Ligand code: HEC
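The data below hold one chain only, encoded as structure tokens and taken in the form predicted on its own.
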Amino acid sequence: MNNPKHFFLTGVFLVIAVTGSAGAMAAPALVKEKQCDTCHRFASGPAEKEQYGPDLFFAGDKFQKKWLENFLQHPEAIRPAGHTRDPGFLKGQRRTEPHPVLNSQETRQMTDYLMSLKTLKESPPLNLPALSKGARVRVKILFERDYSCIACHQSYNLAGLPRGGVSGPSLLDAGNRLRPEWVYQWLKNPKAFATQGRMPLYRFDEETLKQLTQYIMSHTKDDPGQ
């Protein structure tokens, strides 16, 4: 005799699977509805037209899910000076169109979709310990002086206050926003993600790669690194 409990559990799992699939299928339609594809690329390869927002075809590699969920409902500027693709970027003129605000249902759909967009091969999590205070000071010198990252990116000074350039993405909340595995791969070869980007291609050794990744991930808005 068939077990009624077996049929009940099977039905529950089927509903969950179908609901999840429906949400993933709804997201591309939501992309069109909100006109996200007028600013962002959702697939690699040549773009049909010039787009002024960052590429999102590796969003699942790059972003933390919790941050995405919050950003889609409460968007804020990540690049204080605008994106480098903006027509007036070199003149200091940034695009002023506000980012769309999604409701909670739209946010769930869009987040699930974006987190499914990946280009990196699956690999073990990059579990890096926090830098000691002395090591952090040494890496801060690498970040600010040796490689001049501070010229383009906002970081924190020794008092925990913002300082640095605004032409690149702010790093003030990098530890909340980015995944360490992506930061590591970006520092190693930014051209793998943005062939036309302005990020310099450095030849970091393995230790420096990991230390810079640790340093960047230490930047969080709830606990600014010093």
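Note that residue numbering follows the sequence shown and begins at 1. What you see is a predicted model; the values in this text were computed from it and never measured.
The same protein also exists as the form predicted together with the ligand; that form is not shown, yet it is the one meant from here on.
Q: Could you confirm whether residue 180 comes within 4.5 Å of the ligand in the predicted complex, counting heavy atoms only?
A: No, no contact at 4.5 Å.
Q: In the predicted complex, is there a heavy atom of the ligand that lies within 4.5 Å of any heavy atom of residue 41, even though the partner is absent here?
A: Because no heavy atom of residue 41 falls inside 4.5 Å of the ligand in the predicted complex, the answer is no.
Q: Can residue 52 be called a contact residue for the ligand in the predicted complex at 4.5 Å between heavy atoms?
A: Because a heavy atom of residue 52 falls inside 4.5 Å of the ligand in the predicted complex, the answer is yes.
Q: Is there any non-hydrogen atom of residue 57 lying within 4.5 Å of the ligand in the predicted complex?
A: No, no contact at 4.5 Å.
Q: Have a look at 130, 151, 137, 120 for me and say which one sits with a heavy atom within 4.5 Å of the ligand in the predicted complex.
A: Result of the distance check: 151.
Q: Any residue of 51-79 with a heavy atom within 4.5 Å of the ligand in the predicted complex counts; write them all down in order.
A: Contacting residues: 52, 53, 54, 56, 62, 63, 67, 68, 71, 72, 76, 77, 78, 79.
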